[in-house]
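The form predicted alone is given below as one chain in structure tokens.
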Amino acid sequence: MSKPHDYDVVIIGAGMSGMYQLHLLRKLGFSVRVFEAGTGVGGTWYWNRYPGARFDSESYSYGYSFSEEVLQEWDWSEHFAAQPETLRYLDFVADKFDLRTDIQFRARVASAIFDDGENCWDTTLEDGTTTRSRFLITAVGPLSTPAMPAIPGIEDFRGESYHTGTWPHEDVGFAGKRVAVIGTGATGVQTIQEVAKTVGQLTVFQRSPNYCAPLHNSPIDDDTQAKIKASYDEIFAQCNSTHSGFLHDADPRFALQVSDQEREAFYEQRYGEPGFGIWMGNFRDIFVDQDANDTISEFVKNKIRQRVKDPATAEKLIPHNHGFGTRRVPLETGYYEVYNQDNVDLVDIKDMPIDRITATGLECGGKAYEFDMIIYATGFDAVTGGFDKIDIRGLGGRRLKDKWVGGPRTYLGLQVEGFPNMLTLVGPHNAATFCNIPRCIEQNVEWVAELFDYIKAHDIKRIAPTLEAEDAWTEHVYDVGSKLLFTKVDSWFTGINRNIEGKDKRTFLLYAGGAPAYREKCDNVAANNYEGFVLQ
């Protein structure tokens, strides 16, 4: 006799994608259970409470678009909202749609194993509880698995220590303290500029400098709030038309086809505007032509030299192994000016790595440093890390981690051959991994919901992609990526994190063909009776 399943669908994660997927599947009449490791909803915005955490896409372009009531009832206080406000927003959405009823908190998933004979997934929590469902949806997020650096002695430190991705819920003070920050990526930049406001002594340990650009944040006044609420249709239409779902789209001109004066004026304009315009709204060739990229790289290098008073420190803060925008661009507010403070030191550890963490601080280059607090802003095991920490096994007991050992392979970034009935929201090779993420989350979730509507109408018990479809999509992802300078650089885009064993070979984790092209492909697949999938 077949064993009954407990739910139609199990969803792993109650962040933005898991919350919305729950909402839509419930409306379709499916029984759903969401397992969330934290004590509340919010995903990224639940875990990342580090000082300075905030949006780098405009608040009103980031929130959900599916509910007119939510759009009109919620007021964003800033153009780029901080983490506490964003978490309040997600709590507001969860309350409005009574989502917590079907979410189990403090429920970290240890394994998910497919039962081939029953066409079901058995999902087991760390407490040993197992739940059976017909379908499994992963909503684990692309930046959800913090990566600690491979430095000996981390456990020996007797002071306060934190990773930005697992920041405590209670307040952490810096006044009068000797603080070390290890890492100068996006989270490091936001943390450093905030800690520097009150710290006693701050020492920043930098391995790889990044090109940072000004955020230019500001409050939203009442008149602007009213205009935003009257313009949401236009705002989301604009986002849906751009390559990466932001309000900013590439300038149609080429950097090398305008005069030097025109190009310099354009860069000045973009540098002085809020948000990602300088990254996503720049000349169309700066990500494919090295000579074009050199022009914007030199512009930003000169900005760093102008803002940092000490020339030697400025040169340390300037990247020399990649061009502007070929890694994720951190947006900042006074970041470079931090290094003009007398109580801030910068230590370059690229050629002189940290030797070890000690009970009282750390040793680097033969010198001992003493600290009251160490902050690890060392990033995440990006995109695939959330999958790797769960023992996911498909047909024949094959582990997903083993299948992806040479880099991820998917169909549309939404399913994996050999793992039937598992959908991967915001998975590798999905446009949502290189996007103003809520805009692409909505596309993913709505497409999956339409698939489930089809499944229900046709009494489908099993869905899986063919190997040929997976091969073709994976080849397409790499072919599109090969045309971009992104893929020539070590970054989390290319699967590199030297703090993690085995993550030192370049692959490509994103889909860089653009959100509109991805949406069109997904829609065509659905229109052709889910071409590339086998439905039984």
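We number the residues from 1 along the sequence you see. Just so it is clear, the structure is predicted and the values come from calculations on it, not from any experiment.
The same protein also exists as the form predicted in complex with a small molecule; that form is not shown, yet it is the one meant from here on.
Contact check at 4.5 Å (heavy atoms) against the small molecule in the predicted bound form: all three of Pro149, Ile182 and Ile349 pass. Residue contact with the small molecule in the predicted bound form: Thr358 places no heavy atom within 4.5 Å of it. Within 4.5 Å of any heavy atom of the small molecule in the predicted bound form lies no heavy atom of Glu470.
Contact annotation for His243: none of its heavy atoms lies within 4.5 Å of the small molecule in the predicted bound form. Taking the partner from the other structure, the small molecule in the predicted bound form has a heavy atom within 4.5 Å of a heavy atom of Gln190. Proximity to the small molecule in the predicted bound form, taken as a non-hydrogen atom within 4.5 angstroms, holds for one residue of Arg439, Arg327, Arg270, Arg409, which is Arg327. For the residues His79, Arg207, Arg393, Arg134, the 4.5 Å heavy atom test against the small molecule in the predicted bound form is passed only by Arg207. Stretch-level contact check against the small molecule in the predicted bound form with heavy atoms at 4.5 Å: of 48-56, 503-511, 27-35, 473-481, the positive one is 48-56.
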